[in-house]
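Have a look below at one chain only, the form predicted alone, in structure tokens format.
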Amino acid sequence: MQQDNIFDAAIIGGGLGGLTLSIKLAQQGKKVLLLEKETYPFHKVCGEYISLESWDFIESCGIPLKDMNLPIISQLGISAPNGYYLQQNLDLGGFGISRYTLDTLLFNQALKVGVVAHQNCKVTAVQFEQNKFTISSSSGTFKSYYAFGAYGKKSNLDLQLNRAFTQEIKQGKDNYIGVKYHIKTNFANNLIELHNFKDGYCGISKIDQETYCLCYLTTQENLSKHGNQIKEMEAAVLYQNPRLKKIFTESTIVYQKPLVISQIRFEPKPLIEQHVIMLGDAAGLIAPLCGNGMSMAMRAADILSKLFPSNCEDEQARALFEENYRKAWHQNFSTRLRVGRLFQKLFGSTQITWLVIMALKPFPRLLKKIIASTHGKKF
């Protein structure tokens, strides 16, 4: 008989992967614990374009997207650092919504379906023994049969689990920063654009509240060369692309101080560490060009919820669950990650990006095939 004080699943991190996994498991009648270091609502550095492959899944979690009048994005525009431009239809496409809005809706839904949640909660240690996890946190100590890491790009927990990538310190062009603004501007509702500049690229698309998300990725080296001053770097580097200069100078910024994250790296990470099962960025930070990391995090949550053992006390079920997750992960994401990482290397180079865009422009079918390889099917 299962002990009442032991959770079936403990989920560390309340982003899209963690929130949707908690909801789907609770909908199955599982006893679920969610631990989030922030307090809702809050903003995140994120492109805020979500592939339509996720639409039905999000609605199955209890979020009525169809009633929210969200922008449906069906066109992609790409520019080289010199402004050279191409535009392409998106067969599947996506929709825009801020993380501030979506994460809060999902969190409230998680509470509604019975998830036990602790906000402003820092997890300090996770230990596995005798088929159970002991999770130490600022909100207390918890027991759970299964533990999931959905905490984003980095955490002190990575050090506690002795994950290999924490032993490496990367500098310069291997170390990225992300910067996000919300803006008011004159821009098409159905269009997402990706504008390249030296050692980086910037996306813009409409979200909710008649607002647009403007988010870019660049190297720490780019910022360091300009005295670690965001505005100086933007004027000196991003403005070299005339399309970006127009957007930045002709838009109204909703919050003057941008959201910034640093120490972003895109190396692969193990899916499972000491039986803690990872999803989303904790399973390997997903390059923006992979075709939507947010949808991939939620698809992982969908996979995990469907594979989750019916009997959490069955020790033999754990190995099968972990192996099936590894197989499903690679089946669903290996191509997207491979294509995305390839274009991650090509984009942001002043000459190469221009040559790639110029070469693809006369061949819309080829470009459409490449885009399709970075978007999954509906789930």
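Note that this is a predicted model, so its numbers are computed, not measured. Numbering starts at 1 and follows the sequence shown.
Although not depicted, the form predicted in complex with a small molecule is the subject of the following passage.
In plain terms, the part of the chain that comes close to the small molecule in the predicted complex, with a heavy atom within 4.5 Å, is 210 to 218 out of 82 to 90, 210 to 218, 247 to 255, 223 to 231. Residue in contact with the small molecule in the predicted complex (any heavy atom within 4.5 Å), chosen from N292, S144, N241, S98: N292. Note on contacts: among K153, H182, R163, K206, the single residue with a heavy atom within 4.5 Å of the small molecule in the predicted complex is K153. At a distance threshold of 4.5 angstroms between non-hydrogen atoms, G280 is in contact with the small molecule in the predicted complex.
With a 4.5 Å cutoff on heavy atoms, G178 counts as touching the small molecule in the predicted complex. The closest heavy atom approach of F57 to the small molecule in the predicted complex falls outside 4.5 Å. Shown alone here, E313 lies farther than 4.5 Å from the small molecule in the predicted complex, counting heavy atoms only.
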